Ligand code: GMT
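The chain below stands alone, shown as structure tokens; this is the form predicted alone.
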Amino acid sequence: MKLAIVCYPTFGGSGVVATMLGTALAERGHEVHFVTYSQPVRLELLSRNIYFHEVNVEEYPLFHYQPYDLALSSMLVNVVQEHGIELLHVHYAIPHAYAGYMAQQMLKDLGIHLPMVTTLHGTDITLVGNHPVYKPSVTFSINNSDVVTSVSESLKQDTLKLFDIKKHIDVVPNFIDMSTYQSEFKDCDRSVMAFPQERIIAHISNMRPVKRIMDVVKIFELVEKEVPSILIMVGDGPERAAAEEYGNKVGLRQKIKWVGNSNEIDRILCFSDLFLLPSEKESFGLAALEAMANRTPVVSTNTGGLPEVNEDGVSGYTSQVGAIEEMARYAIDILKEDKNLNKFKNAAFAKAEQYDIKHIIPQYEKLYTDMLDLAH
């Protein structure tokens, strides 16, 4: 099968998932063409059956904003013609599904039928896509996709509630390659971060307001009074400064390590004892899944798709948004005794195995083959 994948090439969850999906499909013998404005961060171009096509937007002084969607749709038309692409899979509704639809219409005039799968990831629906400026385009693009998937049941329900959707939405969850987590990390030395008697708590995000970074620090403040711990804060963003200032003010300067953006996520998670994710909204919770794959239990909110990933009382605990004291109590419960902590660590890993890529890729392949069968 020859397919084109359109995604954002950045560190965000949708781009990571799209890249992992394309790479796995290539390993299974499919020919995969990534079409985006720069090489996706986790894409290995030396992999067999993988191709990358860069979308260039020419600067033109007439435009206040350069028309990326037009350049993308034109590039898609060229790639489909040159490489015999059989189907298109776009990740993130805007502008990708809209550009995909335009490419379909141009190709139709050339006698080429190109089926399109649109995968909804989160903020393309609940935040940006629901804005009045974009809502009609998003609704149109979803309804004119041949197949629509969502990364969680929660996001599917949000989409149906927020938009006038006529299409069936299949839930195909995000995934992780568990084969990379089957053994201990080779450089998992906790002594570089903490004393032997201390627990290690971690948080990883882009530190936007929706991640509630101040809640992370306040939860840790309560936990540290009961269980000697350190907190590793990975990432950067607009909420960091205020949270860091608060931590310093309450005497946690030596206990919280702000490491900024890091490419050593798995190394950090491999020696972590707990992952905090008190987000206001998460369409899926890929960061939580990555933590669980590293045998790190999770204390999170119960918003969006998080309860689907983090099973309450099994892989960790879930609470209402803003329930700082309750989340702190849950964290203490997990961390206080070694026996209980190890139970949660093993359960978190077992839960993560349910989202192994080997279980999810066949679901996408079936959607593709069913769609191609209908097209023919």
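Throughout, we count residues from 1 along the sequence that is shown. Everything numeric here is computed off the predicted structure, so don't read it as measured data.
There is also a form predicted together with the named molecule; it is not shown, and the following applies to it.
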{"item": "Non-hydrogen atom contact residue 286 with the named molecule in the model of the complex at 4.5 angstroms", "value": "yes"}
{"item": "Partner contact for residue 208 in the model of the complex: the named molecule, 4.5 angstroms, heavy atom", "value": "yes"}
{"item": "4.5 Å heavy atom contact, residue 92 to the named molecule in the model of the complex", "value": "yes"}
{"item": "Touches the named molecule in the model of the complex: residue 14 (any heavy atom, 4.5 Å)", "value": "yes"}
{"item": "Contact assignment for the named molecule in the model of the complex, among 151, 233, 76, 216, heavy atom within 4.5 Å", "value": "151"}
{"item": "One residue of 199, 295, 156, 281 in contact with the named molecule, assessed in the model of the complex (non-hydrogen atom, 4.5 angstroms)", "value": "281"}
{"item": "Segment that reaches the named molecule in the model of the complex - one of 114-122, 254-262, 100-108, 138-146, heavy atoms within 4.5 Å", "value": "114-122"}
